[in-house]
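One chain is shown next in structure tokens, namely the form predicted on its own.
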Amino acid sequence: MNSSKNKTRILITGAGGFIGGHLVKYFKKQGYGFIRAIDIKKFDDWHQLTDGVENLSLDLKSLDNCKIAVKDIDEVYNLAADMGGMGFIESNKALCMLNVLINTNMLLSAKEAKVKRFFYSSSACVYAADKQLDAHNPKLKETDAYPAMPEDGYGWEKLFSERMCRHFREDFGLETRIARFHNVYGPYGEYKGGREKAPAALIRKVIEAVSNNKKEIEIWGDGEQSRTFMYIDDCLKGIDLIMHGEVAEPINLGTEELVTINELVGIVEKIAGVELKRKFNLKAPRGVRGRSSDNTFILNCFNWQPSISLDCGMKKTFDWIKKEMKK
């Protein structure tokens, strides 16, 4: 066991969520001696609850709770946020903006507690809208976040919180690291209820169509909007590299394997062994026209980029969701 990891005390916020739950297990496997896991949800509602760590249910919009959270902590991984897929964030802009309270209070508390490193989970939603109009060539460099024109609500909060991290580093010496996530998916995530993202939502719809002997699937928009999707294992590795590297600027964390939503449906159909008629809902939330990670910067920094194929990741996610739906 790495002795430095064994002595490092880490905090993961949003630990009851999809990425946070996986991150707790990842660092436990890495051999970290003390992990504090916090989420606002009751334990029964956590996506994953890991034994052998300190699990707490706290609302981190409260400064007092943030001070409890960072007590005697060396590294903070701040993933806590009220968020979901496009259907959620387009309809809950005020709730998304209120996430700024979490990052503000976490930064203040981390500075006061002399935390050594602070990771902030940002999003590709920070990128300027006029850089995401082309579905065929939507690669986004880190510099494309400015001049600022991010996604309304959620994107503005993420960009503002990025700036706070920067200034806490510059003014107070708190070592902050920032990753801009591009559509993370995998097992143990939301697949129903309104907060799910496109991969899980489409998997659920295909499984429901098969179960109900229907030959049709509803797609939000015309299906030609394009995205890249990153499997959770790649996300965890990227967080680890970025947090423990020496690059303080925001870094894209996503794949360059670009697909349209129609092509993503085709992948799920192939896994399920079906072919469905497509019904396009042009009134539903659809997000930007095209969005893809440009991985030049992360390759230059770490000689690494996410590499798990969409076919492989979607098969694993499909199998997990199918198993959950059978329950």
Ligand code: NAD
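These numbers come from a predicted model, not from an experiment. All residue numbers refer to positions in the sequence shown, first residue = 1.
This next part talks about the form predicted together with ligand NAD, which is not shown.
Of the residues E263, E54, D64, D59, just one reaches ligand NAD in the predicted bound form with a heavy atom at 4.5 Å or closer; this is D59. Here the chain stands by itself, but in the predicted bound form one stretch of 77 to 85, 127 to 135, 164 to 172, 208 to 216, 77 to 85, has heavy atoms within 4.5 Å of ligand NAD. The closest non-hydrogen atom of V24 lies beyond 4.5 Å of ligand NAD in the predicted bound form. Although the partner is absent here, I19 lies within 4.5 Å of ligand NAD in the predicted bound form, judged by heavy atoms. Proximity of R177 to ligand NAD in the predicted bound form: non-hydrogen atoms within 4.5 Å are absent; the residue sits far from the partner. Mapping the unseen interface onto this chain, L258 falls outside it, with no heavy atom inside 4.5 Å of ligand NAD in the predicted bound form. Contact here is defined as any heavy atom lying within 4.5 Å of ligand NAD in the predicted bound form, and by that definition each of D39, N183 and K197 is a contact residue.
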